[in-house]
Every structure is written in C-alpha cells, then in structure tokens.
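As a starting point, one isolated chain is supplied in structure tokens, in the form predicted alone.
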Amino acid sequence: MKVLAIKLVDYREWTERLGYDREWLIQKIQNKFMMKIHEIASQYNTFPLQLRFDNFLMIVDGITNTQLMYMINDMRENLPVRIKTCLGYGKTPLEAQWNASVCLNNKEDEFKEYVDEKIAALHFDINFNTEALKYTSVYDSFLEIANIYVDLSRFLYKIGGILQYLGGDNYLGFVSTNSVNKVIEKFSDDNKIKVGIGIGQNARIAIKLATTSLEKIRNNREKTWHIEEE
C-alpha cells in the first residue's frame, strides 16, 4: 500500500510568530487550511488524516506519481509554511506510513514507483452515543468517544491499520484487504460498535463505499458490519 507523509516545516516557529494571544488564531488558520487540503485531496481521490495538524498522512493507492506532484504543488500554494513530503510503501497502511515517516525525517522528497493496491476503508460508529447525551454530560460523552478511539487504535495497530477520529461518534480506519476478515471477526458480535467496510481502487471510493455500508447497517439494524466492494 502507498502512504504519503506530509510535514509542515517550521510549523512551531510559525505559531510563535503569532504572539501570545494566538491559540484562537492558530485554530482558525488550521481549520481554514485543512478545509482547503480536504478540497484538494478530494480532487485527487484521496483523504488527509489530520492527526497532529503539523504532520498528516494520505492513503494514495490509485494515484500516479505525476498526480501526486500536482496535488503537492496545489497544497504548497495554500499553506502558510513550507511542506516536506515522502511516499512510503508497505504491506499494510501502518507499515507504509512508518516507511514514509522514516523517509520524511531522513531524506529529501522521494517518490519511487510502487504497485497500487486496493484500499479497505472502515467507517466506525458508536451505538447510542448521541442518544446518551439526553442523560449524560457533553464531556462524559466525549470521554467515552476518546476511550473507544484508543481501543480501536490499538486493535487496528495490531493488524497493521491506522485510524482517524472524524467527529461526533465516528472514526475512519484503513487496513489492507488481507485484514478485513480480522475486522469482521472482531466486530461481528459487538453490540456497541458497528463498522461499514468499503473496498475500492482509491481512498475516496473506499470511504464512500464504507459510508454506504454503514448506512445499510443503520437501515437493517440486524447486523454490526457490512461490506461493499467496487
């Protein structure tokens, strides 16, 4: 699988130049440029995992190196600092992002030709979390979301996957297609979490199919998982 690692160069120095009354401004600018990054990424059929904001990842199977260079140039035009990028390859998203991260820290931008793999996207949803807001606090609800994020992250890490919190009570994960059965086995009898699975040629298609699967679970209400494949 192919993962693009992106680092914002001198990000901390940039934030410090904004003065002491800066946190609101940092959040404003971060959200503004991430909105633009999402827009650019969607045009190239990928999806940015925001993670630290100053470092983020993209699953880029199904995208040529030429397309990646165009996308990176588009991002450079919309960010307040320079960026450094590197393309990593591995049998799993976890391995690929590790190789991209090592390359990012040790080398100049590097783009070798790698084989494209199908992408398996996972759209997780917590059952009854939104309804629970009727009898618990906003913060306690969020703590449940945070704890489940940790549990899901650890599970996916063990099988070579990566995870991003989407907001609300939703999470987006990626695994290799070889690990999909492990996900199904884990959540087939889970009454707390449901997972929509999508398999596609690129990240945008895989995510769309994962969301389609999740909607079918919500409509069916009998299954905890569903899979759609391109």
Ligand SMILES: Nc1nc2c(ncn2[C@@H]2O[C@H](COP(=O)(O)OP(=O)(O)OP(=O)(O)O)[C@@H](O)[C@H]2O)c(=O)[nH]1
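Note that residue numbering begins at 1 and tracks the sequence as displayed. Model, not experiment: these values are computed from the prediction.
Just so you know, the form predicted together with this ligand exists too; it's not on screen, but the next bit is about it.
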Item to check | Which of 87 to 95, 153 to 161, 124 to 132, 72 to 80 lines the interface with this ligand in the predicted bound form (heavy atom within 4.5 Å) | outcome: 124 to 132
Checklist entry - Quick one: is R17 in contact with this ligand in the predicted bound form, heavy atoms, 4.5 Å cut-off? => result no
Item to check | this ligand contact at D54 in the predicted bound form, heavy atom, 4.5 Å | outcome: no
Next on the checklist: Taking any heavy atom pair closer than or equal to 4.5 Å as contact, tell me whether K216 reaches this ligand in the predicted bound form.
Outcome noted: no
Checklist entry - Given that the partner is absent here, does I26 sit within 4.5 Å of this ligand in the predicted bound form, heavy atoms only? => result no
Checklist outcome for this item: Heavy atom within 4.5 Å of this ligand in the predicted bound form, from candidates Q50, N170, Q30, N202, belongs to N170
Checklist entry - Would this ligand in the predicted bound form be within 4.5 angstroms of a non-hydrogen atom of every residue among K2, K36 and L68? => result no
Checklist entry - Is any part of 181 to 200 within 4.5 angstroms of this ligand in the predicted bound form by a non-hydrogen atom, and which residues would that be? => result K194
